[in-house]
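Listed next as structure tokens is one chain, alone, in the form predicted alone.
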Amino acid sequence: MSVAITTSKLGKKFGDEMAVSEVTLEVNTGEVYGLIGPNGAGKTTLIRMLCGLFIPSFGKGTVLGFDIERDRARIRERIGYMSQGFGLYSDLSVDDNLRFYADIYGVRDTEYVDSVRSRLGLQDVSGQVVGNLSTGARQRSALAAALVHRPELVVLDEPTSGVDPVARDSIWQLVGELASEGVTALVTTHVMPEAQRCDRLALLSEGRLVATGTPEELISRSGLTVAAVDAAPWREAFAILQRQWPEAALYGTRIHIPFSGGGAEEQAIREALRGLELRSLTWQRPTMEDAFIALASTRASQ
């Protein structure tokens, strides 16, 4: 299998602030690879180095076989980059934006541009000014602009931020289709359920690489099981449990508490909730978010 992206101890400093520190990873061609982590984890800085927009402070990397420092112009010709800020001209229509980006890359195949528009469901808004569109339509338009030149690699920075569930699903479906056609996709998100739609993941926290692997590998590596508690009144139950287990979190009115191992703490939970109505206490697999928190905490303590 060929490799689309490699980095070795790649890092970036802004003044005295370390935004990305010694990130080493490898992304295979045709893979949907997720950079996962909370806001401020260094995801955007990392992809901007890979796209040739930032020069690394140290370390090295290649994208599509080109050096990310020496060959930045050649990299930009071959990738499609969709930034958080959309990257479109808000006073132009969707079609005008697509024609503009097609002209920049010397694309003359209007049928292909039309097919990109169609795949993203933009036919009904193609003549509308981008600044008047909904967030979801702007995101889909920005993705279309990133694809007009048939890039070998698409880099999508928070592509579903502020997007409704239907538009979110259509974007992820297209990412999967592109990967099946051999296009590599590098996607950043802080939404953990979306992470499970990636082939592999790199978990970032405070600029550092926490772990890499498939979603299932990372969930298994966390070593967690989760106590799911349904108790009434739920607010009082949550306050009690969170005092004893600060990592407890609410999922609706149910309370999830992640533990290393499982079952041994059941009696302690029952004792803590004595006097309240404990409707159910079950054990389940951790979510991607549970796994990320556990793996990040382990890295921070090392």
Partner chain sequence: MSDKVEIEARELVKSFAGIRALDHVDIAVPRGELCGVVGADGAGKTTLLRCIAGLYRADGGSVLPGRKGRNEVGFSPQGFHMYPDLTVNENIEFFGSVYGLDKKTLSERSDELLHFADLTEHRNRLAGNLSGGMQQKLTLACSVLHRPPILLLDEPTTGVDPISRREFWRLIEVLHTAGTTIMLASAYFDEVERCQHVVFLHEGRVLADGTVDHLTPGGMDLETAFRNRMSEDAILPGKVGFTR
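Residue numbers count along the first chain shown, from 1. Predicted model, so just to flag it, every value in this text is computed and none were measured.
Another form, the form predicted together with its partner chain, is not on view; read the next lines as being about it.
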property: Its partner chain in the predicted bound form reached by all of Leu25, Asn28 and Ile47, non-hydrogen atom within 4.5 Å; result: no
property: Non-hydrogen atom contact Gly176 with its partner chain in the predicted bound form at 4.5 angstroms; result: no
property: Proximity of Tyr251 to its partner chain in the predicted bound form, heavy atoms at 4.5 Å; result: yes
property: Residue contact check: Pro215 to its partner chain in the predicted bound form, 4.5 Å heavy atom; result: no
property: 4.5 angstroms heavy atom contact with its partner chain in the predicted bound form for Met192; result: yes
property: Stretch in contact in the predicted bound form with its partner chain, which is absent here, among 142 to 150, 97 to 105, 121 to 129, 228 to 236 (heavy atoms within 4.5 Å); result: 228 to 236
property: Arg200, Arg168, Arg76, Arg221 - the one with a heavy atom within 4.5 Å of its partner chain in the predicted bound form; result: Arg168
property: Residues in 145 to 162 with any heavy atom within 4.5 Å of its partner chain in the predicted bound form; result: Ser161, Gly162
